[in-house]
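Before any questions on how it binds or moves, here is one chain, the form predicted alone, in structure tokens.
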Amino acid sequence: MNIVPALDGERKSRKASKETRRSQLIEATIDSLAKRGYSDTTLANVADGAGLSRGIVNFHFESKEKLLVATLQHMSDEYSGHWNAALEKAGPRAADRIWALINADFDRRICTKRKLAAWCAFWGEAKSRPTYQALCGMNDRDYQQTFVTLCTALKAEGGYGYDPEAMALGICSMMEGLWFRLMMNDGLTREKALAAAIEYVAAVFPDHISTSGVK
């Protein structure tokens, strides 16, 4: 009797179970950050939110700080993967790529009040926690540099008079501001935020983008 396939299956099952537990705990941490904020999120309420024991949380993450770092890493990787996938799907034209990035930022898979609240909880702690800055810093720089590259290309095509780096910063800051407004729950909807972002880039790149799409 060959027991190797059975052992391989058991190992895969254990690995899947470990990854499932970690995913449950990270999702419960996002829920807790959104509901309670950073300071009041504890291992106990994360365990309760995931429907798991406190011992399971300690086994996978050992401490609240390690759990939070893993959660931030997960969110950062998810966001980076999302906008990079949108870029790849958009093709080579700069206008198509900017249109894709704007829409990706307000996609319902990424732009939810739950996730925005969790992001804000981390942003509030980032100044005093270099680990958090390091986790997000590279992705933030890559994201903004992508906009610099695209703004440079559209300036060359359309003869616009802006500075590409300043324009890229303006676009990124505008979208971050809309995220904050959504998180504040002041009546702004995701659809209205997306429409506002599109109005902005349509005004900036009138020869390339309109409110209805890429020209």
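Predicted model, so just to flag it, every value in this text is computed and none were measured. We number the residues from 1 along the sequence you see.
From this point on, the text means the form predicted in complex with a further copy of the same chain, which you will not see here.
Interface residue among 52, 153, 169, 43, judged by heavy atoms within 4.5 Å of a further copy of the same chain in the predicted bound form: 169. The partner is absent here; in the predicted bound form, the one residue of 93, 82, 74, 129 having a heavy atom within 4.5 Å of a further copy of the same chain is 129.
Proximity of residue 101 to a further copy of the same chain in the predicted bound form: non-hydrogen atoms within 4.5 Å are absent; the residue sits far from the partner. Among heavy atoms of residue 59, none comes within 4.5 Å of a further copy of the same chain in the predicted bound form.
Using a 4.5 Å cutoff between non-hydrogen atoms, residue 192 counts as a contact of a further copy of the same chain in the predicted bound form. For the chain shown alone, residue 158 is not a contact residue for a further copy of the same chain in the predicted bound form, no non-hydrogen atom being within 4.5 angstroms. Taking the partner from elsewhere, every residue among 36, 125 and 140 has a non-hydrogen atom within 4.5 angstroms of a further copy of the same chain in the predicted bound form. Along 69-105, not one residue places a heavy atom within 4.5 Å of a further copy of the same chain in the predicted bound form.
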